[in-house]
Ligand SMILES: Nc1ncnc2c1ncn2[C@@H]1O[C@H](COP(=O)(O)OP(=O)(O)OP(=O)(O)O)[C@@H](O)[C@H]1O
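The data below hold one chain only, encoded as structure tokens and taken in the form predicted alone.
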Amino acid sequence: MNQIWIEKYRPANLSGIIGQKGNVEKLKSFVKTGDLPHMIFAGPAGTGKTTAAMAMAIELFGEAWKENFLELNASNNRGINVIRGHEDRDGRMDGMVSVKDYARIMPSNPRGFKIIFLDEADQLTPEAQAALRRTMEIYSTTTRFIFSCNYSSQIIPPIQSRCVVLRFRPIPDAELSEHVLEIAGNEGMKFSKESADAVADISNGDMRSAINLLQAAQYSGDYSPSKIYEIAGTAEVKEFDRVLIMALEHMDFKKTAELVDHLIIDKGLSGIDIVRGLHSALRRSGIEPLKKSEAIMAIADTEFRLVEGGSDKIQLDYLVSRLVRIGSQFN
């Protein structure tokens, strides 16, 4: 039976989590003592926050982990109802499991507590977070809360002060690439190191994105780096490098504009895609620092104009002209 790979290869224990060594060690120590504090898992998507919470629950509760672990996505129900519950006109619940309802249930395990995992908790309204703070106080002996968010600053201070904050960082490219090769081998794919590096480059530390891209590549049958970039809907790094070299080193507006047109017409990239690709290429480049800083400011200015609704073609021509001028100023 076909299976989504992000679920197929989701680690079932803390030791299987990639790229978060410090956090894994802390969570293992909590499991070893048999008790947990309330926690906040903060970091970008695809870095292992949900996986870590589930793996910890499995190690704590064994086969009974599902009865002692409630996962709610706060972005689906942002208001106070997800915390307190909601009654209809007849006084009946609308079927949604509320945090308060689950917290008041006595745990069915010898640990003496259960876990409520609130994903995307930074999307909860301030009112909902305030209600949640009170629920945490009342049921602290029988319930542990884990909040997953992109930005811990969006969690109100009274909740932050009650939690241990673990910061999940993007998976390093080398570890991500190695894991991609391991999965590809398990699936019988003849995947090269160069192709795995391309997956890592595109994914920007997001393991979920990398595994999804790998599964998409399997269906294509072509595992070359160029095909990987095509599937992801972006261009190879060397194409952005060529744009920067043509503008900053050769100061040739016409040829640079033609390279950008190629990215738009032949590769199907948007203005934002190109601007961000150039930024990544520029950050990795060995261009002298002062020239690099001027070029980054030009790219940032163009991104702002595009986000505000500027024309892709006009704004990219504007960026090319600025990069060519920067090149002439430092040569």
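Throughout, we count residues from 1 along the sequence that is shown. Since the structure is predicted, the reported quantities are computational estimates derived from the model, not experimental observations.
Unshown form predicted together with the ligand; subsequent notes refer to it.
Engineer: Determine which one of 262-270, 276-284, 41-49, 290-298 lies within 4.5 Å of the ligand in the predicted bound form, judging by heavy atom distances; exactly one does.
Structural biologist: Checking each option against the 4.5 Å cut-off leaves 41-49.
Engineer: Between A121, L248, I211, L132, only one gets a heavy atom within 4.5 angstroms of the ligand in the predicted bound form; which residue is that?
Structural biologist: In short, I211.
Engineer: Exactly one of A217, I146, A74, M207 has a non-hydrogen atom within 4.5 Å of the ligand in the predicted bound form; which residue is it?
Structural biologist: If I apply the 4.5 Å criterion carefully, the residue I get is M207.
Engineer: Counting only non-hydrogen atoms and a 4.5 angstroms cut-off, does K100 reach the ligand in the predicted bound form?
Structural biologist: K100 lies outside the contact set for the ligand.
Engineer: Can R322 be called a contact residue for the ligand in the predicted bound form at 4.5 Å between heavy atoms?
Structural biologist: Output for R322 is no: heavy atoms all beyond 4.5 Å of the ligand.
Engineer: Consider I326 of the chain shown here, and say whether it contacts the ligand in the predicted bound form, taking contact as heavy atoms within 4.5 Å.
Structural biologist: Looking in the predicted bound form, residue contacts with the ligand do not include I326, since no heavy atom lies within 4.5 Å.
Engineer: My question is simply whether H179 lines the interface with the ligand in the predicted bound form - judged by any non-hydrogen atom within 4.5 Å.
Structural biologist: Yes - in the predicted bound form, heavy atoms of H179 and the ligand come within 4.5 Å of each other.
Engineer: What residues in 8-30 sit within 4.5 Å of the ligand in the predicted bound form, counting heavy atoms only?
Structural biologist: Heavy-atom contacts within 4.5 Å come from Y9, R10, P11, G16, I17, I18, Q20.
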